[in-house]
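Before any questions on binding or motion, here is one chain by itself as structure tokens, the form predicted on its own.
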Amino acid sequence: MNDGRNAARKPLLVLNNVCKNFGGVVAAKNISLEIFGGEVVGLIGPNGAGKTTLINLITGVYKVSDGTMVFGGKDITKLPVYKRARDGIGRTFQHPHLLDRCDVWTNIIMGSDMAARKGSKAEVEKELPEILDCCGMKNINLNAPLSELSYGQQKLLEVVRVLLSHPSLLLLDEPAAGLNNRETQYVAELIRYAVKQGIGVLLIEHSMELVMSICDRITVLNFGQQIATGVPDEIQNNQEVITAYLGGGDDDADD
């Protein structure tokens, strides 16, 4: 986690009153937040609150209806998806986006091709063991078909793969969903690894234990609106947040 000196630094990502409408449906309304390098910002809220929509706006999958986004000091509001990825925005998905018919190594290399501007395959091979060790996968057979990995290992592998692309900003969409307690701890270790590299992390997650233990700040969404932003203790004691989310609700549907 960061050392609390954000005031002396420039944010990596700045969202200013970002809005998204799908016809008459408001999916995001006046969302404003900052993410600094080397910190973890949590994004929580009930299912359908607009969390994944916000990631899709940041990555360029969806175009904003209003507002601006600045990444690395550059306005990316109208930038296409591939240019945002090339500039250093990496993401994972609620369900792993991997190549089912390929082996583990091919999945790693295909997904880390964005790192070519920063390093070679030889450098990927050098960095890979350390990252795999973080998530308990140092002994996996890289030549094995992807199908030999468990669902949890596949989700962890997706995080490993995006880390190897050396992003400046890492967007994690429910990385611990469907994982057991040990695998969830491995997710935390991968996030800590990212923070040590100076990467800014935006974490969408329903596991409050993970969110509260690893996030520096948390933003809460409800019906596309930002109802609170603060450090974990502030969020846990915010009555509006408790009523909207922490007090209960089903966590098993996609956002």
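The first residue of the shown sequence is 1; numbering continues from there. Worth saying up front: this structure is predicted, and the values here are computed from it rather than measured.
One more form of this protein, predicted in complex with a small molecule, exists but is not displayed; see below.
Have a look at Ala27, Val64, Val220, Cys215 for me and say which one sits with a heavy atom within 4.5 Å of the small molecule in the predicted bound form. The option sitting close enough to the partner is Ala27.
Since exactly one of Gly38, Pro46, Gly42, Gly60 fits, which has a heavy atom within 4.5 Å of the small molecule in the predicted bound form? Among Gly38, Pro46, Gly42, Gly60, a heavy atom within 4.5 Å of the small molecule in the predicted bound form occurs only for Pro46.
Segment that reaches the small molecule in the predicted bound form - one of 187-195, 29-37, 52-60, 65-73, heavy atoms within 4.5 Å: Only one stretch qualifies here: 52-60.
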